[in-house]
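For reference, the chain that follows is the form predicted alone, supplied as structure tokens.
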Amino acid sequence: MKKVCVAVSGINAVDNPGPGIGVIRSLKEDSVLEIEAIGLAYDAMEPGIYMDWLVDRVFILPYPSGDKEGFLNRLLYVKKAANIDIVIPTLDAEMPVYIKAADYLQSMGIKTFLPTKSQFELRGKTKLTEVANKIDLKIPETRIVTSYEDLVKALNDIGLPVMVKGLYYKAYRAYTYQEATGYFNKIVAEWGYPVIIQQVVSGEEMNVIGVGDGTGGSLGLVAIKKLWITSLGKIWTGVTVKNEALLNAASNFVKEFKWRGAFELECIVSKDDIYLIEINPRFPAWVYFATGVGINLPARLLKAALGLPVEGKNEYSAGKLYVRYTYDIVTDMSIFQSIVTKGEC
């Protein structure tokens, strides 16, 4: 077995979970790789810190939205302290920093396997029409607004209810003009302009997870239907599906844009129509679902990054059920004290 030290972020396995624990669990189940998992956390209360049967060591990082140089210096400290071979970032806010610094990290001995800057920008709501047209999907009627007058016109054109969305973050469903205005103001205050007003499309929520090899090839795809979501919109129960049109669209996405790394397409399926709602440029929190049905995407991404042979199997069974659950950990206070005082454990 090849021993690899992998740093993974997003170990905040809370009610709004990050993908990190699912990624680490997947990596450790691979039969070819012997994984030492290094958790990268931003807060001392992230549950992954205390899952010592799964996460071998943990380091606290400064938030990537702050001092970029400080963030990278801390990552280099982790490289020196734990001898990491590769880092797999799983949170949206980190991605621009890692993408920009990919060549620098490579020169320092830290591999990544990430989309390019132009690929990452495809996730912007204003780019969805371009993407959807090229992969034969629809998008809900959409308006880009930068003023209250634009907002009123968009609401009149589309009709209520609508989704009020930030360019990259936040999405709210508004049923009245007052609600739409309130969410509009909230997004502008937090993220600025533009704001996206979008038609609400009814249908079944279906998502596709995958990894692109960067040359137009797919390293695996799995489609699921959400059966039950939390109040925060996170999947709690789902089932695998074999919607060929959806899988073909995901395959075309990888081919058309030569996508490199992990991704998720969020869609609404209404009879024969498939609407593209969101593009996520990283693994989703339900990533282990794909591993559980035989498509270990985190391990395939890691092997691709290391130049190792990647398993070619892409078949999985429809009708496999995914159920998320909560779990209690009782551990020693010394772990918390070490994280708080030393920033690592």
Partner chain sequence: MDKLARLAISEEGFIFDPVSGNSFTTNKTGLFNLKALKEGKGEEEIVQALTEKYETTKEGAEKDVTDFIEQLRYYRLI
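These figures come from a predicted structure and were not determined experimentally. Residue numbers count along the first chain shown, from 1.
Beyond what is shown, the protein has a form predicted in complex with its partner chain; the following relates to that form.
Heavy atoms of residue 200 never reach within 4.5 Å of its partner chain in the model of the complex, leaving it off the interface. Although the partner is absent from this view, residue 32 stays clear of its partner chain in the model of the complex, with no non-hydrogen atom inside 4.5 angstroms. Its partner chain in the model of the complex is not approached by residue 157, whose heavy atoms all lie more than 4.5 angstroms from it. Taking the partner from elsewhere, residue 319 is found to have a heavy atom lying within 4.5 Å of its partner chain in the model of the complex.
Here the chain stands by itself, but in the model of the complex one stretch of 204 to 212, 161 to 169, 85 to 93, 135 to 143, 204 to 212, has heavy atoms within 4.5 Å of its partner chain. The single contact residue among 76, 97, 239, 152, judged by any heavy atom lying within 4.5 Å of its partner chain in the model of the complex, is 239. Think of it this way: in the model of the complex, its partner chain has a heavy atom of just one of 119, 218, 243, 112 within 4.5 Å, and the residue is 243. Contacts with its partner chain in the model of the complex, taken as any heavy atom within 4.5 Å, map within 217 to 233 to 225, 227.
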